[in-house]
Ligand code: CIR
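What follows is one chain in structure tokens, specifically the form predicted on its own.
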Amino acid sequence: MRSVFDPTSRCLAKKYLTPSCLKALEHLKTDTGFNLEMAIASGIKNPDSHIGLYAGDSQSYTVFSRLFDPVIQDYHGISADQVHHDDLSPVDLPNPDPEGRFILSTRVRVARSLGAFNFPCHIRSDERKRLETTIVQSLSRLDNDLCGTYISMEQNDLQDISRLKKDGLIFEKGDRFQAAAGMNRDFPKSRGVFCSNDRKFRVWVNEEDHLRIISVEPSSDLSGVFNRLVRGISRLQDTMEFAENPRYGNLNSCPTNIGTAMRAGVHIRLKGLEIYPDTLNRIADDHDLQIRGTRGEKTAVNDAVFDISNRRRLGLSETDIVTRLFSGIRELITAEKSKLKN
């Protein structure tokens, strides 16, 4: 093969796929048959990709390490010898918004993949079905407040799917970047959502990764939301083996979503700070937080409601991320109160 990245592309895969790297990797395959051409397919088709690289299985990270390693180091800002360490210990942080004046909701989610299965861009239809069955069996063993129901996106009718979309419980087909990588094949077959009876614990099955494990509630109880997620992950690990790497922690399809593979954030209304973006951005940068639009990345801010979450996923532990988020949110609320007085 030969690299055919668009001349206008600035994706990291193109940056680090030098001629010598291409020569070293172009004939390699993982044990499941995933090759370099498959790994960079999305970046080639989408010149505006930022990363342009996906893994087809957990072995991709070692077989194609000559490309994955520099991409990971560049994106996550880590050194070549840095090793990731997980810490899913429960936390006991005070409520950052005890009066409920600013935070509308809190959400913590992680991505997880099973090491025994190919990742979504390389998985066959029959394998995806076996994966769904494996995950659903594990979910059926959850109890107490984690107990709930699995909703198949394949078997429900359009009216039910429309209602679930309105309630924000299910996911859409992947974007053009995921489509080019092969993740949208056979959608929505073997996809679905598990939802606890109180709707505070959810698991997306066979979206961009095998599992998106989510803890969410309309409150500012960051500790409660995180600790629920920790309990859910622990219970699922009793019956499933997640894909892991001694150096990079949890492995998933996209090299941006490894390590903790966690996004912890809040929807917060900041009417005062909205007109002081320099102050807002400075506080976020100080605590390594990312500011997004009301509905996430590349969306507008509506009614001064921001989606604020951790920027880093690799090189920090889960408890580090949550603690930094708490400190940043508390400082934002202090600044917001000050602006509202003026």
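For every residue, the number given is its place in the sequence shown, counted from 1. Computed from a predicted structure; not experimentally measured.
Although it is not shown, the form predicted together with citrulline (CIR) is what the next lines describe.
Undergrad: Spell out, yes or no, whether the shortest heavy atom distance between C254 and citrulline (CIR) in the model of the complex is within 4.5 Å.
TA: Judged by the heavy-atom cut-off of 4.5 Å, C254 is in contact with citrulline (CIR) in the model of the complex.
Undergrad: Determine whether any heavy atom of E297 comes within 4.5 Å of a heavy atom of citrulline (CIR) in the model of the complex, and answer yes or no.
TA: Yes, E297 lies within 4.5 Å of citrulline (CIR) in the model of the complex.
Undergrad: Can any non-hydrogen atom of R292 be found within 4.5 angstroms of citrulline (CIR) in the model of the complex?
TA: The answer is yes: R292 has a heavy atom within 4.5 Å of citrulline (CIR).
Undergrad: In the model of the complex, does S49 have a heavy atom within 4.5 Å of citrulline (CIR)?
TA: Within the cut-off, so yes.
Undergrad: With the partner removed from view, which of 52 to 60, 276 to 284, 30 to 38, 65 to 73 is the stretch that lies within 4.5 Å of citrulline (CIR) in the model of the complex, judged by heavy atom distances?
TA: So the stretch in question is 52 to 60.
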